[in-house]
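Only one chain is shown below, in structure tokens, and it's the form predicted on its own.
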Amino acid sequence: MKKFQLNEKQLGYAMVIPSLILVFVVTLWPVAQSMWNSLFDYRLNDPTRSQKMLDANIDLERYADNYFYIGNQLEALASSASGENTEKVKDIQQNIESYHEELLSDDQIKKDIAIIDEMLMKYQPVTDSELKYQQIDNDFAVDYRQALQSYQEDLTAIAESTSDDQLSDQFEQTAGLLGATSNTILKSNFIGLDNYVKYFKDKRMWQSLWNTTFFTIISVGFELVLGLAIALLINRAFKGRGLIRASVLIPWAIPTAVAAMMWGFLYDGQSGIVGHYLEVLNIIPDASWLLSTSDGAMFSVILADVWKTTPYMALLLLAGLQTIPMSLYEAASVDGATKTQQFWSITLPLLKSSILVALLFRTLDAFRVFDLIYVLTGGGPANATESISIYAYETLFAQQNFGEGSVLSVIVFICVAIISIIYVKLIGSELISGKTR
């Protein structure tokens, strides 16, 4: 019997499979889940849309609770009303019972309603979503819902035409009960790409995307220049270099939320030191300009981010500088090259890989900015500093609108993917393949 053995190529693929599974589980699965959620009008603050439903469903807990009172109230109305109104109420009662019997023709629903009735009698909430919500036929759902709404209108009309105030209140109360019962029959909330269409027309989404892009370009640009300068400085041998290196990293070591609160105090228009001195130096028109105006708030956020993250950029570039052989500089000095010529001819070309890595990390990190802006300005004033991540957070958790919030999350993912592709495929292709010019 021939022994099974993988060839070299198959063995290579077999070794990659665990990594692919890990990437799918950690990265792609949450994104796929967000994309699926974005296809629904899915929101927790609305009981009729708190579940993802491809077909019509019924909230059995609320339905069973309401139906318990409908029969008694309609019987009371039939005995209190007179003439045509009595016949109308009896017709409504008979029709509702007919719909109810049709609903109970499904054995599973009949069984679940019996369980829920027993729980309601014991004042127990129904926490099991599989028990609470049951899928029903779409046509039946439409007919039953429309019938209940029609009966509500009929009873409301009778209440308005009745001179007896007590009887009118009874009709109004029963009409409201029927309207509430119609809301327990839930439509499918699958809306396809409607959420995407909505956000592509949303000015606030485009404004937050522009804010994020502007913040990313300006802050990463300053961090690159300052980080390179700091890296060149601490790469030189001088007394106290270890202390300087440790001091430079302090801003990066501070948690971002703490740094944002600290800068909030420094920018304060009444007592902030930074605001005061920038005003004295005529850099800004007024200390209150920093956090109370659109331009000032964006300036404040960028300045705080540059202070916080430049050490990280410097650290990455310092690692690249230390890989450049000193013999190259010594040979260039012997040939009479100046320090500036050495920088442009030796340092910068050999530092290209480290710069690309630093830019890739910082660009992705800056584009996902959340905590710094959220704590420092809250996205204000007037959404002037609101990033796309903050907008997604507000929609997802503050408004509990998971469908629309998932759209914004998908947009963030697409932007991050585009940035990665630009760096890896266009600019960083040589870095990935290990080539150097």
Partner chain sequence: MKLWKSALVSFGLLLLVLFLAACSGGNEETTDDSGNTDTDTETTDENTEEEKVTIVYARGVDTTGANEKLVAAFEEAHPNIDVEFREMPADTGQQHDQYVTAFSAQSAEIDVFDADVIWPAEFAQANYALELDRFIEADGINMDDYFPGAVAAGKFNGKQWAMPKFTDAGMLYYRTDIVDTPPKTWDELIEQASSLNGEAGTQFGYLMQAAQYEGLVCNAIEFIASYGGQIINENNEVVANSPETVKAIKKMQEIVGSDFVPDNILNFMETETETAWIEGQAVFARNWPYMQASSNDTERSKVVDNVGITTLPAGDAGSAATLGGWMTMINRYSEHPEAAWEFVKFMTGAEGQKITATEGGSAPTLKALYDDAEVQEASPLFANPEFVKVLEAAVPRPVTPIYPEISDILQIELSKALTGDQTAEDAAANIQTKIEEAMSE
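In this text the structure is predicted, and so the values were computed from the model without any measurement. Positions refer to the first chain, counted from 1. Here, rigid core means the biggest group of C-alpha atoms that superpose within 1.5 Å across both forms.
What follows is about the form predicted in complex with its partner chain, which we do not show.
Peer 1: Give a yes or no on whether every one of 270, 294 and 397 sits within 4.5 angstroms of its partner chain in the model of the complex by heavy atom.
Peer 2: Each of the three qualifies.
Peer 1: With a cut-off of 4.5 Å between heavy atoms, is residue 67 one of the residues that contacts its partner chain in the model of the complex?
Peer 2: It does not: once its partner chain is placed as it appears in the model of the complex, residue 67 has no heavy atom within 4.5 Å of it.
Peer 1: Taking any heavy atom pair closer than or equal to 4.5 Å as contact, tell me whether residue 100 reaches its partner chain in the model of the complex.
Peer 2: Residue-level check for residue 100: no, no contact with its partner chain.
Peer 1: Considering non-hydrogen atoms and a 4.5 Å limit, does its partner chain approach residue 127 in the model of the complex?
Peer 2: Although its partner chain is absent here, residue 127 would touch it in the model of the complex, with heavy atoms inside 4.5 Å.
Peer 1: Is there a non-hydrogen atom of residue 44 within 4.5 angstroms of a non-hydrogen atom of its partner chain in the model of the complex?
Peer 2: Answer yes; at least one heavy atom of residue 44 falls within 4.5 Å of its partner chain in the model of the complex.
Peer 1: Just one of 198, 276, 241, 352 has a heavy atom within 4.5 angstroms of its partner chain in the model of the complex, so which one?
Peer 2: That would be 198.
Peer 1: Residue by residue through 372-394, which ones have a non-hydrogen atom no more than 4.5 angstroms from its partner chain in the model of the complex?
Peer 2: Read in sequence order, the residues that approach its partner chain (within 4.5 Å, in the model of the complex) are 374, 379, 380, 381, 382, 383, 393, 394.
Peer 1: Determine whether the C-alpha of residue 16 shifts by 2 Å or more between this form and the one not shown once the rigid core is superposed.
Peer 2: Comparing the forms between this form and the one not shown, which are aligned on their rigid core, residue 16 does shift its C-alpha by 2 Å or more.
Peer 1: 2 Å or more on the CA of residue 203 between this form and the one not shown, with the rigid core superposed, yes or no?
Peer 2: No, the C-alpha moves less than 2 Å.
Peer 1: Establish whether a shift of 2 Å or more occurs at the C-alpha of residue 341 between this form and the one not shown, with the two forms superposed on the rigid core.
Peer 2: No, because once the rigid core is superposed, the C-alpha of residue 341 moves less than 2 Å between this form and the one not shown.
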